[in-house]
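Just one chain is shown here, as structure tokens, and it is the form predicted alone.
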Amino acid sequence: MSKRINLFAVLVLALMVMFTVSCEGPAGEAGINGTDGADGADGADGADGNVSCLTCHSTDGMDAIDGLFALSGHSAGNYVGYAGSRGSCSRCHSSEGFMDFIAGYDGEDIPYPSAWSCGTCHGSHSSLEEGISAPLQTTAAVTIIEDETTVIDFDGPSNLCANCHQSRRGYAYYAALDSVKIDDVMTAVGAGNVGINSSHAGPHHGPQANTLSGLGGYGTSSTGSHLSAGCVGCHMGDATTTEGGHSFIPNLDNCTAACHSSVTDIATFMAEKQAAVSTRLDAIAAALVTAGALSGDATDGYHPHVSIVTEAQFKAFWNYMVVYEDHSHGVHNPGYFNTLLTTAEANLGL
């Protein structure tokens, strides 16, 4: 046998040994199971999915909100049937008009206007603004209508209120009038005079955003201490069954707790301050009746009177209307209102 054949035989034998050694035999029987390990600690329970909703939307919660809202002027609406349908007025006099305004469709006529409701101020729940229990239609800073330049920013929910609670016109509008229709006859205003062309003349109803900010009248601007509270800080806050919350009627206990802790009887304190402002307003109004800027009396109330008056008399008229239409009788911005009344009194020689 040759050496080559012997080498081949050796290789074959080696391969057979290798394959035989590498093959596994059958598995043996399973062993006994080991001891179970200790259970892990239970995780904390998550919040119920509807807890945040039930803050407002429980039966008791909604009944309380509805009851308070029924006490507010917003619930009844102001001149909804008339002003609420007019394009130039609807943004503040109807729910539909305000929602159109927020959506960017200002100035639309509303065929069937209605008073304000939850959806007027509160938007969808797709996102919740920080610090607000329910989403609002807007909290953005507001450019005031009077000059379309000045921006008012209460830095929060009170900006929603400022969209409507502001002056509609400034005194510059009346100072620019060339003539006024008196007894159906157009009469030239004349140099040094100012025309009052409507029984609705003035800043319009509710210039509170302006007055809180120390704006709107003749006299030195003064923002006052109530600016930081904005609107909701005083007109909402903690609620009773008749005040605060969605009644928008100030809860006087909020005043004591927040700022006026040294005043033992806040209601009496406010009444005295308001009475003093009312007395000054009545004296100014009587002088303006004599000047022809107002008509009426203290019993039935005073109203703007179509007329032409001197610039000094008009400044007094304008400041009177700003303070009167604010309807807080001085509370919103005491220092500023004192300035406006003092300026009016000086212009009338009182």
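Predicted, not measured: the structure shown is a model, and the values here were computed from it. Residues carry their position along the shown sequence, with the first being 1.
Just so you know, the form predicted in complex with a small molecule exists too; it's not on screen, but the next bit is about it.
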Quiz item: Ok, Pro135, Gly107, Gly190, Gly224: which has a heavy atom sitting within 4.5 Å of the small molecule in the predicted bound form?
Solution: Pro135
Quiz item: Which of these residues, Met270, Ile144, Val277, Val180, gets a heavy atom within 4.5 Å of the small molecule in the predicted bound form?
Solution: Met270
Practice problem: Could you tell me which of 216-224, 190-198, 81-89, 171-179 sits within 4.5 Å of the small molecule in the predicted bound form, going by non-hydrogen atoms? | Solution: 81-89
Quiz item: Looking in the predicted bound form, any heavy atom of Asn163 within 4.5 Å of the small molecule?
Solution: yes
Practice problem: Answer for Ser328 alone: is it within 4.5 Å of the small molecule in the predicted bound form, judged on heavy atom distances? | Solution: yes
Exercise. Check whether Ser124 has any heavy atom within 4.5 Å of a heavy atom of the small molecule in the predicted bound form, and answer yes or no.
Key: yes
Exercise. Using a 4.5 Å heavy atom cut-off, state whether Ala283 contacts the small molecule in the predicted bound form.
Key: no
